[in-house]
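Shown here is one chain on its own, the form predicted alone, set out as structure tokens.
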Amino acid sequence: MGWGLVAPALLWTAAFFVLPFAAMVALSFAHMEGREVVRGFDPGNYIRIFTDWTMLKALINSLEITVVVTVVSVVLAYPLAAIIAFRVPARWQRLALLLAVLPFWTSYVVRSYAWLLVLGQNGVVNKALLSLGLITEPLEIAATRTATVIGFVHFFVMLLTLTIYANLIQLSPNYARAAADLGAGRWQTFRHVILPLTLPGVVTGAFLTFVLCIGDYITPQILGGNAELTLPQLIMLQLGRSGNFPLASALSVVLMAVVTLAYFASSRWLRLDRV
């Protein structure tokens, strides 16, 4: 009976994840001869990834952007989630959450292009700074790493707010009262009581942010331009321009390995059932 219940899920996972991933790994050990894919067991693609500075730099860029986005998103989302959970009356919390996730209702591509218009030389940010006299020339924000980070943070703060709020709302107010009775101040209560109890929600949201951010192609392509490549952009270049499917597969395997390492690093605190 038990196997009958899980069999559909296992078949689905095998058909749409395990088998395609195995095929991609096998293809990553092939090589190109002209326009033909020659299958075999050739680690040359992986050697090239870690010896070619352009490819190694793309991996480093992806990691740097992802880490910055994850940290900034957590720092911004935690206070927002705490305000909704503890300061907003219960009858208004659903409305507050609805407003927080409202940008999810728009297309991901549309949001990225909207930020491109906001951050451009003739965008709202530059016009406001110029009108206030804070700058004399428009800032180069669009087509930079800064623009990419802003676009990502705008999206992932909402995701993290939900995961952190889900943990905060489960906390009994008696924890804070007990800490206060024992002489703990607000900072001590947060550091030693609230934060450890909500850490699973924070880590879960941070992990989801890491996974979605490091594998994203659209935001770096639209907001970051081609000034510095990320790993997904490099993969698309190999597929679209070079037609080098074995190298693209190897890059994808490396990307998957990074995500797997991130999972094992955070698995101690991950509690997906509490989100």
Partner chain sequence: MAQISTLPLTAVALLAVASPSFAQELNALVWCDHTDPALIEPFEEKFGVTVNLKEYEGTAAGLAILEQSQPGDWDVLVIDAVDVGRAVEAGYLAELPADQLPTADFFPEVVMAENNTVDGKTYAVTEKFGYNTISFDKTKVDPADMEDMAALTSGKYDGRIGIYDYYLPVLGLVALGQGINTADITAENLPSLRDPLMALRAASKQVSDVVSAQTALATGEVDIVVGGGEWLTAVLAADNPNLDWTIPKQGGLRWAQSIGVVAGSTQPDLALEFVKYIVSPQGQARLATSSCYWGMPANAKTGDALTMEERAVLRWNEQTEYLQRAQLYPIPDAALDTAMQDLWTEMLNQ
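Residue numbers count along the first chain shown, from 1. Predicted, not measured: the structure shown is a model, and the values here were computed from it.
Below: the form predicted in complex with the partner chain, not depicted.
- The closest heavy atom approach of Ala58 to the partner chain in the model of the complex falls within 4.5 Å.
- In the model of the complex, at least one heavy atom of Gly240 sits within 4.5 Å of the partner chain.
- Among heavy atoms of Asn122, some come within 4.5 Å of the partner chain in the model of the complex.
- Using a 4.5 Å cutoff between non-hydrogen atoms, Tyr175 does not count as a contact of the partner chain in the model of the complex.
- Contact with the partner chain in the model of the complex, judged by any heavy atom within 4.5 Å, is made by just one of Ala96, Ala143, Ala82, Leu197: Ala143.
- Leu117 is the sole member of Val101, Val88, Leu117, Ala128 with a non-hydrogen atom within 4.5 Å of the partner chain in the model of the complex.
- Counting a residue when any of its non-hydrogen atoms is within 4.5 Å of the partner chain in the model of the complex, the hits in 224-255 run Gly225, Asn226, Ala227, Glu228, Leu229, Leu234, Leu237, Leu239, Gly240, Arg241, Ser242, Gly243, Phe245.
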